[in-house]
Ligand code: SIN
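Here's a solo chain for you in structure tokens, the form predicted alone.
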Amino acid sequence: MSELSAPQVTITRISSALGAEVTGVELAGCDETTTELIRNLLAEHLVLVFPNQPLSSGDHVEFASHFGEPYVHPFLDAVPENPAILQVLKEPEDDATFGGEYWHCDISFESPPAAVSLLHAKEIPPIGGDTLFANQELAFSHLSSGFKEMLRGLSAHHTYPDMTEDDERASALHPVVRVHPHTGRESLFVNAAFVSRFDGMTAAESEPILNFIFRHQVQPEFQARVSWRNDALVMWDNRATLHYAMNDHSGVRRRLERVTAMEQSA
């Protein structure tokens, strides 16, 4: 247990690398005191799990708006209730999961990129469908001093799959090592879903360095695993984590809803 800011709130760590479960909080209509507590917990743990949160679509978007402007995706369809809510769906007959082919952070092809994602569980398989998270601050800290210094001088192109760097809707340039705008901590900011090259290098020249980073940044020692329950809400900081949806639940439906709050320009 950690030191508690309110007697009814319980914080239980998920792993030594990152993540905590938070109980005793109602997210629907939460006040600024509760929101500030959650901001501080997110800065400390990077991933927060809130069980038993039967949120409406409006509740979900309202809570997300405390952490940035809710994002309306230009390439994916939203749920009918709200343009800022994406349905994360795998039907029983589907082979692939939504966003599950690569470790990634959300919406890094925008500038500024995503700040916080908030995923709400609607229909969960009886077994399987967990989400893995990897701490990119920890991953960066485990690199050599020389490699860290080299990476601090690089930027990378983040491009939406099957789009080009010339499309302003689908591509952004970000430092490979990001300094978190609120905590000041450094983290790796590349991911295999959106990044194919460093600025000033070709994809072929970038490939060996990127492949090393992609392997390094998701080592088991940097990970936490979240097992879903209906009505759970999980939120994570995209600027310092990667995530991966397990594709181990064939023949059953898995449905969640996601709102992503964007980082604000300075």
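Each residue number is its position in the shown sequence, starting from 1. Since the model is a prediction, treat every value here as computed from it, not as a measurement.
This protein has a second form, the form predicted in complex with the ligand, left out of what is shown; the following refers to that one.
**Q** So if I measure heavy atom distances to the ligand in the model of the complex, which of the stretches 180-188, 102-110, 153-161, 67-75 falls within 4.5 Å?
**A** Contact criterion met by 102-110 only.
**Q** Taking the ligand in the model of the complex as the reference, which of Ile85, Leu119, Ala134, Val116 has a non-hydrogen atom within 4.5 Å?
**A** Looking at Ile85, Leu119, Ala134, Val116 one by one, just Leu119 meets the 4.5 Å heavy-atom criterion.
**Q** For Phe63, is any heavy atom within 4.5 Å of the ligand in the model of the complex, or not?
**A** Because no heavy atom of Phe63 falls inside 4.5 Å of the ligand in the model of the complex, the answer is no.
**Q** Is Leu18 close enough to the ligand in the model of the complex to count, meaning some heavy atom within 4.5 Å?
**A** Contact check for Leu18: no, nothing within 4.5 Å of the ligand in the model of the complex.
**Q** Taking the shortest heavy atom distance, is Trp236 within 4.5 Å of the ligand in the model of the complex?
**A** Result yes; Trp236 sits at the interface with the ligand in the model of the complex.
**Q** Taking the ligand in the model of the complex, which residues along 225-246 bring a heavy atom to within 4.5 Å of it?
**A** Heavy-atom contacts within 4.5 Å come from Trp228, Trp236, His243, Ala245.
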